[in-house]
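Before any questions on binding or motion, here is one chain by itself as structure tokens, the form predicted alone.
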Amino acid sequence: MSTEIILQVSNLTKIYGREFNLGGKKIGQRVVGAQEVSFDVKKGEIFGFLGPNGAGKTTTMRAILDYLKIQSGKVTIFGSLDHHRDRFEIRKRIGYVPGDMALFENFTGKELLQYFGKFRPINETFLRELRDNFRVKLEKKIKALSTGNRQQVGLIAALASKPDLLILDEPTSGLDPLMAANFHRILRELRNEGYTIFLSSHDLAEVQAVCDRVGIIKEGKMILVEAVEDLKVKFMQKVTVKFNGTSVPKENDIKQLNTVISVERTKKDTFILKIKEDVNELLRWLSSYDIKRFTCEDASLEEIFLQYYE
């Protein structure tokens, strides 16, 4: 991964609507879509943008593309291009798949690609590779295709020019597991070639499978940006302890440890613990007990994500 910054978002704020008083009554509604959101995406990385529906993912992505007018903040793309002032130049180098993708229904997939090719040259070699990996028949009209096949057409259209930056909002929505796996492999190959991908998803398995770093957004605010591997090691580990004989502590005693997040007793002599940071405090405490079995593993991204949203 390069240290070159492809996308820089600084204090981006987008608020929908407004409230005002009229005759002592509050009229209207003010909704925060994104509030002082800041992060960067480096050249040659897959950056995962995580959060449940309504957290601010799509608002942030549309604001980056200048489809929404922001109240404050700055977005710089490709080093020096401003997302608003240079939006037309930027769009020549970006592939975008929206979460609510709509395609020209009377076009065939092939006609759609020809139409998009007038704005961005198609990489014919890469297009052939995409057609080999996706099952959709591009000779059919869009309106005759299933939801999953329409999604495949949209992905092919976004990728066919091999853009420098891909912005993908829930890209595997509607794809079956095989197609999703094929798409993940394509993303990793593009990453290895130096292309940059900004991927929004609520599918934690997808993010864990393909992303190098992840940003978590909650109620319009960024609460974390971290490398996926560092996140799993740094923030939470899962420990299973099986005690020997009658040497079994009480649950409340375990919960008193500073590093312990939660305790689950699965058997009379067995506990599953979620701990933060390192395991040394727990090991020192356990040294006074007779342990039959001890295992420690990184928490899944799902478990870490739920920790932040609970």
Partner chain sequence: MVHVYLKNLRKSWLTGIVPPLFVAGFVATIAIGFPSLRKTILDRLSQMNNPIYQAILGDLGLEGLGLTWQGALFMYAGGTMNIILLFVALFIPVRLLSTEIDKNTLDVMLSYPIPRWRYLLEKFGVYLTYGLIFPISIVSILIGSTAVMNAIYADGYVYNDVIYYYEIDINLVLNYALGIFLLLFALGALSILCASIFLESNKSLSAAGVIILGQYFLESLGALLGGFLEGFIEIQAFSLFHYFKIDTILDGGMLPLFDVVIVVGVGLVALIGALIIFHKREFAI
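Keep in mind it's a predicted model, so treat the numbers as computed, not measured. Positions refer to the first chain, counted from 1.
Heads up, the form predicted together with the partner chain isn't pictured, but that's what we're talking about next.
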Task: Segment assignment from 189-197, 75-83, 104-112, 216-224: heavy atom within 4.5 Å of the partner chain in the predicted complex - done: 104-112
Task: Contact label in the predicted complex: K268 to the partner chain, heavy atom within 4.5 Å - done: no
Open item on the list: Under a 4.5 Å heavy atom criterion, is K238 part of the interface with the partner chain in the predicted complex?
Closed with: no
Task: Contact label in the predicted complex: R87 to the partner chain, heavy atom within 4.5 Å - done: yes
Open item on the list: Please tell me whether any heavy atom belonging to L130 falls inside 4.5 Å of a heavy atom of the partner chain, as the geometry stands in the predicted complex.
Closed with: no
- [ ] May I ask whether Y67, R91 and F119 all come within 4.5 angstroms of the partner chain in the predicted complex, judged by heavy atoms?
- [x] yes
Open item on the list: Please tell me which of F20, Y16, F294, Y289 lies within 4.5 Å of the partner chain in the predicted complex, judged by heavy atoms.
Closed with: Y16
TODO: Heavy atom within 4.5 Å of the partner chain in the predicted complex: which of K274, K242, K43, R62 fits that? Just give me the one.
DONE: R62
- [ ] Enumerate the residues of 281-299 that have a non-hydrogen atom within 4.5 Å of the partner chain in the predicted complex, in sequence order, or give none.
- [x] none
